[in-house]
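Below you will find one chain, with nothing else, as structure tokens; this is the form predicted on its own, and questions on how it binds or moves follow later.
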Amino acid sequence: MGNAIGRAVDARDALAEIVRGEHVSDDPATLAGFTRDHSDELPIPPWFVVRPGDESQVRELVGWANATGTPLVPVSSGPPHFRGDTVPGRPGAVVVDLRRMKAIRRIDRRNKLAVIEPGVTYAQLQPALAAEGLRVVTPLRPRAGKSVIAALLEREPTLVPRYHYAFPEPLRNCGVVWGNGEATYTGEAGYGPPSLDAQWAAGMRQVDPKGPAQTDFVRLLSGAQGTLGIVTWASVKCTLLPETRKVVFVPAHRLEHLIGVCGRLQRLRLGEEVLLASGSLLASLMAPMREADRSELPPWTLVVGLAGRAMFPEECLAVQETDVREVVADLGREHGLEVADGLPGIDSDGMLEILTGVSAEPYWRLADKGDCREVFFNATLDKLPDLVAAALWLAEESGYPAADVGVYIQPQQQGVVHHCEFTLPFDPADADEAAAVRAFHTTAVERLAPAGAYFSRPYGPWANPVYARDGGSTAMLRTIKGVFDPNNVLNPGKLCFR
């Protein structure tokens, strides 16, 4: 017991020296916030929570972790957390809470770029960009405390497919401290001195993701759940803020009826935000919603955002709307599809707020019943009707009503691939409902992957069946882990890194 206490005192002193102040905590309430989340990961309390203030302190922390064999769990978003990646996978871990690092280092309107630290949230960044006539494309209704860098590193799907050229988009360059303690700049920033101020003084801008020898190390960090490196800053590509906006809706009784229209819009690069949603998902997004309106929502809706910028914005929006209506009339005539300006309880302005803002409290995924689970994967558009039908059948088989499953389909990479997500809200006090949701969540990979679902972001219980399907890639990933984090100090126990 005495040795354990002495070791804890030594660790606390060392951590306090690194962060130059009282930014180390072993308070039970603070530790409890990182012990569990809205997932089924085994609760493991961290040893300490430490809050570095800059890149040099992050480097010292990683060096200390390698010297002492202490696991580190990087976290940059505020609660609630959902997928188990911020819960320690080993006892005795130290949570590296990056929310103190919340500076917006630079906004470059000419190059439509923002350089930010990991603690910067969408709620903080969007108003700052708007003052310069810019915005960053967001995921669907992010929570107020969601880190922009964390969302992009974890490939959260963004809402405007025509601006999405690759999965890390709009993330461009970043500063990273690898698990071995080495610090590098990725992409174009890798050509210059390891100082952003010096690069800016020399006229450099952190735009191109390709670095020396055309290498893009962001690809290694993307989807890595903090197991390879800790990002200390990143450049994010922005778009011009629209001068006029509108949302139109294409309701349908069946998902299949909207597939052709959605595909055509992507090929023509029409619309800003483009997404497919079930009625139950729209009801959750718009909560609170009158029960009468909720019951009248169509089973499926294609949501299309339109925008006009700079020169002739009103004319630009009008032309886009005309083109969208022509596509729907051409491809949707057989199924009676029509463009609507609103849905029961949802008008254009209300949907715009959803598509461009952050979630109110409580977070919209938790507002219905207090808890939820998500299942998501990538697939091509033609496979989605069968995959959605299979998932809804699996929900019923698991004992969860298919009508309560929220389905969200987001075109990505200009419509080349689609993110498909199922949200299952449940009452954590209802043991039967909670068991049904967990049964669906844990069996979804094994049932859907053979049918064409690609689980590119395997969290928690999905990891083993996903990596078991591709032994070659798993072996290569472990080799990469051995290069960049040879002592396995960064988030051990996640992905295929045990």
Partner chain sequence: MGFTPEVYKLFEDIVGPENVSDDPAVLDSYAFEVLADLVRPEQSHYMPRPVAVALPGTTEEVQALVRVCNVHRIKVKPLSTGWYHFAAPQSDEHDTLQLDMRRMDRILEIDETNMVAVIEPYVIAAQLQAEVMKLGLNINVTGAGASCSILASACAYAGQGPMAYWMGGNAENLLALEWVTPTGDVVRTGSLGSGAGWFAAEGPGPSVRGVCRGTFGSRGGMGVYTKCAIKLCHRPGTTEWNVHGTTPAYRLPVDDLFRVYTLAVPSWDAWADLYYKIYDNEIGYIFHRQFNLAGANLAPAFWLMYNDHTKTLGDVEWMAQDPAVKELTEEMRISFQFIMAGRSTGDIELQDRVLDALLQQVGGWKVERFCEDDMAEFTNMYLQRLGHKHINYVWAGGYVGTWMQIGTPDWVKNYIPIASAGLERDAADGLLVQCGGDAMMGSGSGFPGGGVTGLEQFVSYDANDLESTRAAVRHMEDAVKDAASHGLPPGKEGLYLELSKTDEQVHAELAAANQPAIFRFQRKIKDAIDPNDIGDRLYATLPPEG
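Positions refer to the first chain, counted from 1. A quick note: this is a predicted structure, and the numbers were derived from the prediction, not measured.
As for the form predicted together with the partner chain, it is not shown, yet the points below apply to it.
Looking in the predicted bound form, is the partner chain within 4.5 Å of a heavy atom from each of 167, 184 and 454?
-> Yes, the whole candidate spot contacts the partner chain.
Taking the partner as it appears in the predicted bound form, which of 330 to 338, 184 to 192, 290 to 298, 76 to 84 has residues with heavy atoms within 4.5 Å of the partner chain?
-> Comparing against the partner chain in the predicted bound form, the contact stretch is 184 to 192.
Just to confirm, residue 320 within 4.5 Å of the partner chain in the predicted bound form by heavy atoms?
-> Yes, contact at 4.5 Å.
Consider residue 386 of the chain shown here, and say whether it contacts the partner chain in the predicted bound form, taking contact as heavy atoms within 4.5 Å.
-> So residue 386 does not count as contacting the partner chain.
Verify the contact flag for residue 211: yes if a non-hydrogen atom of it lies within 4.5 Å of a non-hydrogen atom of the partner chain in the predicted bound form, no if not.
-> Yes - in the predicted bound form, heavy atoms of residue 211 and the partner chain come within 4.5 Å of each other.
Quick one: does residue 132 come within 4.5 Å of the partner chain in the predicted bound form, counting heavy atoms only?
-> Although the partner chain is absent here, residue 132 would stay clear of it in the predicted bound form, with no heavy atoms inside 4.5 Å.
Of the residues 378, 280, 423, 138, which one places a heavy atom within 4.5 Å of the partner chain in the predicted bound form?
-> The residue in contact is 378.
Residue (of 348, 124, 222, 356) lying close to the partner chain in the predicted bound form, criterion heavy atoms within 4.5 Å | Exactly one listed residue reaches within 4.5 Å, namely 222.
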